[in-house]
Structure formats: C-alpha cells, structure tokens
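For reference, the chain that follows is the form predicted alone, supplied as structure tokens.
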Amino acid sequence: MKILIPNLGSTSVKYRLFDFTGGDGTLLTRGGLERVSDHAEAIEQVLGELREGGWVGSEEDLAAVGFKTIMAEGRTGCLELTPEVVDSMEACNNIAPAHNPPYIRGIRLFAEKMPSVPLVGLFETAFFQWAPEASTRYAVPQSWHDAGVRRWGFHGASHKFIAERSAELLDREDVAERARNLYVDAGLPVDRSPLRVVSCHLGGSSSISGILNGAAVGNSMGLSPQSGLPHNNRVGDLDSMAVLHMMRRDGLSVDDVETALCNEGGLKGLSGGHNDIRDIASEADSGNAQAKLALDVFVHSARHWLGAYFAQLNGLDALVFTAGIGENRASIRAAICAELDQLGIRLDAEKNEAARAEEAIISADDSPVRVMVIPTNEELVVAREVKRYLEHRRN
C-alpha cells in the first residue's frame, strides 16, 4: 500500500511517498519544488519524478493521496476530500488565508489528474478534539461560538507525533499506544501514573501544546493559525480591540489589517523586517536592538504557554522541542528553559549545544523533568491515519 503525502505551500510543493506493505510506514522517497508559480505544472512534475524513479508506474499504484489539511467549517478528523468537504475548507479561507487556498488548489488539481485515487485529509485541528471545553471556549456571545469562533488549535499532526514518540522514549508504551490509536479509541487505558508532556513546535509557524496521556489538553493557537506565539510574519496573540482601534485611527480597510497582521507582523514586525530566525539571531549578535527584542518576545511568549500548561497538567514529566527552531536553535531552547529549576527543568548546557535536528535528551541527569529534542514527522502521522481511514472504509 503506497500513500503519497504532498505538502502544499503558496509557492512550494514538497512530497513524501510511504509504503505500508507489511509495516508501519516505510519512507520510499521524498522531494519537492520551490518558487512554484504554477501548481498544476509542479504537481505534474512531482508525478513525473515518481514515475521516472520507478516508485509509481501509474495512479493504480497509489492507495491514496493524503493531505495535512488545515481546517474546514464544521468538520475535523480524517476525512475523504469530497467536493463538499473541500467547499467547507473554502469557507475558512478568510481564517487561514496563507494555508487553505494552496491546499484547496492542490486538492482539486490532484482530483483532476488522478480521478480514481482517493484523496484523504487529516485536519490540523483533529488532535485537539478531546481538549477540555474550558480550554476551547472564548468568552464571546453564544451566536459567535455557534458560528465556530473557538480555540481549535493547529500543528495537530506534529504534536500527535511528539505525543507518540515522547512516550516511547520515556518507556511508556501504554501511553504511546493510546496516542497512536487516539482517533480510533480515545478511551484506551493508561497502566501507570499520568504522563504529562509539553510539546513546543517552534518554527516559521509556532505553537505549544499540553499533552496528558497522549491527548492534547490545549494548544496556544486558537481560532486560526494567526494566533498564539509570534510567527515569522504573523502577529500571534493580539487584543481584539487593537484591530478596531487601528481601523478607526488610520482609516484602515479589512484588507489593510489582514496584510498587516498576516504579512508584516510577528518576528518580521518586531525585528524591523527580518522573518528568518537565523537572520534575526545574527542581527541580534551584531547589536541590533530590534532583533534582540524579537527574540526576547518570542521566548517570553513560549515561557508563558509553558507555564500555562505546567499549571494545567499539575507538573511535567517531559518538555519537548521540535520543528525548525526547536530542533536547531540551542540558544532559544536555553533561553526558554532558563531559571526554571524550581519547576524541575534543568538543562545540560553541553548536551543542549550538541543537539542538532536529531533525537536527544538535553536535560541534566538530575533534572526531574526530561527535556528532549525530537524531530517531528507530520507526514508519517498523516500517512498512518490515511491508511487507517482506508482500512476502516473497507470494513
């Protein structure tokens, strides 16, 4: 059983091909294209690479194409991407303008080019289905809540992978099994004491989740991927009255506000124009006060959410860093963990400096909380859930 997982950006198409023949998912090949101006041509090129490499002879060789879909109005979970489901995704374009449109475009192109292949999406909101209602509700009028205005949470595939893998590394197979089977049976028992994990997905887009026994208790993102920590050029959390204030003060239109919040804010807005953490760190090291402030605000926000989930979980067993910044920036990890020894978080400076995009324990030997770096694997999570969906559909 071969499952193709494309990752569709506004100007990029990346992919991984998995084989589930007799196993839990073997990565056969991966690739991608940058600076894409025509997604139809890019998808055709991807399919050509798979054929030329001998990985796929025809569309009959693919059991499905799986997508890490973001959100859809009134829907979540792992779903076949029928025209009705795609239409419900389109209804959320204004909430996720940088994410939903390229996925919708790509899904429709794949449907045209491979009409006999099932298209299945695992929505980023799915992992947060079991979060307590108190952590998902905004204090808005009931009519707003009924319209879907709530904390949905995102980066679900990444946080689910961390839930599984951290439990395995902590020798908690009972929790790992529950995390792997969460979408099938969220009621699987835990044999021993609760396992409490905070997962820090830090990258161009960042979020932090509290995880109890393999299931999320909340996520720093809310209604949209716009919220939570400051992102590369998206503002993150913001008092809602700020939008009305700036519209009235400067006569800004809705489009003006959207551009400011989605393209000119975040680390870019704080640092004076840089949205890549490497450039910001370099500028900060050179004495750029704005760049240093951007790093400080990012770290402050991460510590805020770490503290929130520490309280909600009544302590921690593990703190995990993942994604581009989390896996590669030792200085950011050190800043987030600084002076948290009273919470049981004690970093080993040498281990932390040595850890680069590979699994590692970076806490001191006497640290009550295990601090880890775990490279995420969102595509594998999507592929596994697509496989499970296909098997369930056959039964």
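Quick note: we count residues from 1 along the sequence shown, nothing fancier. Computed from a predicted model, the values in this text were never measured in an experiment.
Form predicted in complex with adenosine-5'-diphosphate (ADP): not shown, discussed below.
*Asks:* Given a 4.5 Å cut-off on heavy atoms, tell me which of 59-67, 344-352, 43-51, 328-336 is the interface stretch with adenosine-5'-diphosphate (ADP) in the predicted complex.
*Replies:* In short, 328-336.
*Asks:* Can you confirm whether L229, G266 and A302, the three residues that make up this candidate site, all sit within 4.5 Å of adenosine-5'-diphosphate (ADP) in the predicted complex, judged by heavy atoms?
*Replies:* Not a single listed residue reaches adenosine-5'-diphosphate (ADP) in the predicted complex, so no.
*Asks:* Consider the chain as shown here, without its partner, and state which of I104, I277, A96, L316 has a heavy atom within 4.5 Å of adenosine-5'-diphosphate (ADP) in the predicted complex.
*Replies:* In short, I277.
*Asks:* Within 4.5 Å of adenosine-5'-diphosphate (ADP) in the predicted complex, heavy atoms considered, which of G222, G273, G203, P118?
*Replies:* Only one listed residue qualifies here, and that residue is G203.
*Asks:* Using heavy atoms and a 4.5 Å limit, would one call A167 a contact residue for adenosine-5'-diphosphate (ADP) in the predicted complex?
*Replies:* No - in the predicted complex, heavy atoms of A167 and adenosine-5'-diphosphate (ADP) never come within 4.5 Å of each other.
*Asks:* Can any non-hydrogen atom of L195 be found within 4.5 angstroms of adenosine-5'-diphosphate (ADP) in the predicted complex?
*Replies:* No, L195 is distant from the partner.
*Asks:* Using the partner position in the predicted complex, report whether C92 sits within 4.5 Å of adenosine-5'-diphosphate (ADP), counting heavy atoms only.
*Replies:* Contact with adenosine-5'-diphosphate (ADP), no.
*Asks:* Answer yes if any heavy atom of A323 is within 4.5 Å of a heavy atom of adenosine-5'-diphosphate (ADP) in the predicted complex; otherwise answer no.
*Replies:* A323: yes, in contact with adenosine-5'-diphosphate (ADP) in the predicted complex.
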